[in-house]
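Subsequent text provides structure tokens for two forms of one protein chain, presented individually as structure 1 and structure 2.
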Structure 1
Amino acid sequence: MLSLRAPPRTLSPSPWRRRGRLDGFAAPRCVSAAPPATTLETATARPAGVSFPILVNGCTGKMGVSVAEAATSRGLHLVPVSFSSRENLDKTIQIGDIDVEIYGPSAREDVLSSVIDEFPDVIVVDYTAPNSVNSNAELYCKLGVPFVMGTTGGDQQLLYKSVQDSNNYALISPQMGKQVVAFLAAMETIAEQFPGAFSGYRLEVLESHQAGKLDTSGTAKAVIACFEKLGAVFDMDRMVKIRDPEQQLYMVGVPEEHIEGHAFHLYHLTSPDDSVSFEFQHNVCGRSIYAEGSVDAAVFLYKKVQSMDPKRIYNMIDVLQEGDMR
């Protein structure tokens, strides 16, 4: 029998443990399997309405593959090229009937320049790693290729500065899932309208993701920024990040089949005198909502580029507000 070890830091008492399946309450878990991944067969059922070339960077990884599949399913033209942090990988990734060629860092600028020559309307979608956010963005800006940055982490201020300085088009968001974007939009709205409404409240945050996730959740950071505007007090060092599969199964209640791909977030607020508490939670199993949202983002950005919109930098709330999320 597996033992339940305490996470490095826990809330006291941990809301997940308090209501976890070990003590008989309904655990915050996905009750059914994630929606089936979009398949090539659904392409005809759900045409994108527009078609353009899309290059998905990070196709050796999980999000890259999911976005590339969702893009082809929506009838977009997947450029059969993607980049890796590894040199001489000599690898192709099969997406439907397309063989995507993987190139190492030394080839990326030449290869991307050739792609832009051949496909001047191309939109790049980036799902790589936190430590490549800024260097990849620099390259896209240098070559003037519009991009969707789904990858989280890196130096976000520098990322925005690179886009501003180059006057390139970009859509940047730590969260592509429509319903979570709507939650984030609601948080931004109340923070804007009622600053200080939660003045003095203590905020505690837990986030659980697959063991391979390298950074702290970008979504959690964005939500925390809203709670801070509302006056809540939060110490980023006390964020509870759960990456251990055993804890995810037995404490958080992540279904076993989603240990390799989930995003469970919990925000707990307590009043200064402990008499009032609030809890917000969003639990996602699998990656399909991000993949679909990323294609929505690419379609949105493509339209903005084609119409030469003077605004250059967007986020997913812009996409949601314009009714462009499926």
Structure 2
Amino acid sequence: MLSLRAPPRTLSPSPWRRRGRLDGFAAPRCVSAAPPATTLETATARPAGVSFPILVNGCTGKMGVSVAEAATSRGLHLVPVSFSSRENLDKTIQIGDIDVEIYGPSAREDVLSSVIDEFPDVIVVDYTAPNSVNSNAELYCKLGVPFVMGTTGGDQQLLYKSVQDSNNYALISPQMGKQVVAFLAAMETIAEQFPGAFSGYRLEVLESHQAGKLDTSGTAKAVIACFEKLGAVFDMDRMVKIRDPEQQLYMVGVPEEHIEGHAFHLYHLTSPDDSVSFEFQHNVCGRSIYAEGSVDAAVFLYKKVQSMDPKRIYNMIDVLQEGDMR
């Protein structure tokens, strides 16, 4: 019988990868990321006919840097400033051949006002920290600058209210990976159209993320909610959350170079009599999927602003439905 117990403290060599299984699960696999594209390749990948200034907030973090690099490789103009949650941070980040100057919270409004004066078409992409979500959004709305909020956390109800009250343009999504969003949308559609299809099935879930992610995966929670609508039985206390690098490397099979940045998810369903089982798996190595999705979101939002679309708040489903992605 399938069992998802917490991994043992003493690790034997690759116990979950023995015979290609993960204690009954198929072992997650992830191919190492491809090397950066050449200049010619990136030139052909640029969004045709679209060029605008983009300001990436959070360039002191790995996700912000990844988005900034993706934006420059797509031919967008990276505004050479970014904000930090710390004051008196005299620091400059190198993104390609661009020196991005980091400013503390007290300088945000003056700096952003100057950026808007110089680049009136600027789009902001936010990858800061959960405790900065609402204050940053309020500033963007106050100054009327369109923004993509990729940072999770904060008061989401207040976030949406700030945008609605200001009539500002914003794209808000806790998940920027386009393919993951498409999978979630498919699961939601299945759950809506076929409620009870998995009635009585037991659901067991494994998720592995870098050690810095202390909370449970929001993506896993969303998928679990869909399976519960389908009738599957799940106990949140039995979810296996892997955060230990040694376990991730030798038990889960995360490539060593992606231990500090990955998202592995595995969902296993078993019928009441154990005669039928289903497995769903999605593994992400690195941050490129989120960075590229964030740039697509920025391009999408820029087009909506330029066309003066009456709708003001969007999400990644809107980007997917538009179909203009790279």
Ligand SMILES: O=C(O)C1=N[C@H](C(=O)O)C[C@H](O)C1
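The first residue in the sequence of structure 1 is number 1, and each one after it adds one. In this text the structure is predicted, and so the values were computed from the model without any measurement. Between two forms, the rigid core is defined as the largest C-alpha subset superposing within 1.5 Å.
Only structure 2 comes from the form predicted alone. For the motion between structure 1 and structure 2, the hinge, where fit shifts from one rigid part to the other, lands on 177 out of 150, 254, 177, 223. With both rigid parts superposed separately on C-alpha atoms, the smaller turns by 18° against the larger between structure 1 and structure 2. Here the rigid core is superposed, and residue 188 then shows its C-alpha moved by 3.1 angstrom between structure 1 and structure 2.
After superposition on the rigid core, the Cα atom of residue 275 is displaced by 9.1 Å between structure 1 and structure 2.
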